[in-house]
Each structure stands twice: as structure tokens, then as C-alpha cells.
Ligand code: AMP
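Just one chain follows, in the form predicted on its own, and it is written as C-alpha cells.
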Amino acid sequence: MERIDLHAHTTASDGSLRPAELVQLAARLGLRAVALTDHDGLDGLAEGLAEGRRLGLEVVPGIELSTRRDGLGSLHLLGLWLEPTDAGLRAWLAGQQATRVERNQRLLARLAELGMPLDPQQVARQAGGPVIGRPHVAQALVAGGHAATVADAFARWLSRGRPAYVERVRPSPEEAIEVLHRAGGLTILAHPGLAWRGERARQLGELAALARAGLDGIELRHPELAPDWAADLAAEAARLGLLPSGGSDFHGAAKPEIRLGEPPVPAEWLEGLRARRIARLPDHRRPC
């Protein structure tokens, strides 16, 4: 079976491989296509696309956006086939980045109050790129001797409900869907196994609401999606007209248990998504 991976992260957010290195790994593994979906930014796409052209491997330019629904917590949406230079999307992302910077400042202040002061420059060095998130703070906590591992840092300090957790202002899923569609992209609900709290009936109701808002697809292959829940989601997605997608959520050394290209995602899913994306484009932007 030809395989694809439509969810992977690089050093442009919280992964450990540069975009070109990730594309090279995908080529070595024999993947037909890989999507670069860094958190809240597009800065790795130019390098990854160039390496894909050099190697003859399809690279889908993407992003992962964090959204929030009151009462349901965080929902992550993937945008696929985005234009890296889209001015409107970049302006919107700049506003989102400002909320992340403000959250990071409050997070570091909270850690200092707890007796764990961190140098902001050290945290920035852990990131190695423009997007600084909690994983980089966790790495700095490990480097400072305040936690044994990144997982330990989250479990003790940084996860929701822990002493240093600070919520970030996030857009609604509807706003993110609209923004990604304006930029010519498809919208995919990421890792539904992690997305919701509560009863499954309520979760399926939320999926229907997202479909009404224009959601295009849902990840039905992901390392943390249980088979029985995947089957229920697949049936509901088919009823709602949502397309299947999937990926590893690869981060490299930050999550060494996750391997690019696993679980296997069939290449024919890519063609279904591509057809939906082309159908959404205005006539003058459709390929001849």
C-alpha cells in the first residue's frame, strides 16, 4: 500500500528535524506524500517545499491551529494546501502569535513564583525558531534540573490543572475554519482521540456542528486514536460528508515513540482530499 503522512512537525514549531530533513526522512521511508503542519506558523514551508521538489516527493503545505470551545477545551485543526505567502493568513497568524507571546510571559512569571526562574533567551534557544510553546518551556525546565523529562515537566507543572498552567486566548473553531478556507486550504480535525472531554454522544454532536461550519475532514488514523472510536467516527464522518485523513503527528526527538508514516495512511485518501480542495477553489485558481 502506498502511504502518506498528513500531520508532521519540524523545527519551525516544536519538532526536532528541519523541514528539509523531515522531507528527506519521508523519502527514505517511501512515503508518497507528507504534509508539514507546524503549529501556528508557515515559516518552514518554503524550505520543505523546495526539498520536496528536489527529491520528487509531494509536500503538502499545511499548519496546525489551536482553537477552543467553551466547555469542550482545546480543538486542533489542520489546514492543508495553504499558500505560504498568503498575506491575509500571515496577518491573522501574527495576531495569534501575539497571544502566544503574552501567554509565555505569564507562564515564565508563574514558574518564577514557584521557585523555577527560567531565562527567556534559554527558552528561545530551545525553540530554535519563531514559535515558542510549552514543549520548549518543558525542555528548559529539564535543562535547569526542575524536571526529569519533558513528560515529567508537563505532568508536574505545565499541563492543564497543574500549578504553572496558563491558558492562552484561542480562536473559535469556526473562526479558524473561515480563515483557512479564505487562504485556499482544507480544514481537518486533528487527533480526535485527544480533542474532546465528555461523553461520546456529545463529541459526535460537536463533530456535526463543525461540519455545519465547513469542516472538510477528520483524522481517522492517528497514534492516539483507539480503533473502536475510530470506527464510530468513520461512520459519523461518512454521514456528515467529512473526508478521512490521518498522520503520525511526528515531532522527532521530542516524541521519540512516534514514527513518521505510522499508523499507515492510504494514499487514496490524499486524492479525495485533493479533489475537495480543488472543488473549493474559484475557477481562476483551479489547475488546468
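Values in this document were obtained by computation on a predicted structure and should not be read as measured data. All residue numbers are counted from 1 along the displayed sequence.
Although not depicted, the form predicted in complex with the named molecule is the subject of the following passage.
Shown without its partner, this chain lists P173, P192, G217, P135 as candidates; in the predicted complex, only P135 has a non-hydrogen atom within 4.5 angstroms of the named molecule. A single residue from the set V101, A151, A91, V169 has any heavy atom within 4.5 angstroms of the named molecule in the predicted complex; that residue is A151. At a distance of at most 4.5 angstroms from the named molecule in the predicted complex, none of the three residues D5, R32 and R259 contributes a non-hydrogen atom. None of the heavy atoms of Q126 is located within 4.5 Å of the named molecule in the predicted complex. Contact annotation for K255: at least one heavy atom lies within 4.5 Å of the named molecule in the predicted complex. Though the partner is left out of this view, H39 does reach within 4.5 Å of the named molecule in the predicted complex, counting heavy atoms only.
Interface residue remark: R221 is not counted as part of the site for the named molecule in the predicted complex, having no heavy atom within 4.5 Å. Contact with the named molecule in the predicted complex, judged as any non-hydrogen atom within 4.5 angstroms, is confined among 154-162, 177-185, 204-212, 82-90 to 154-162.
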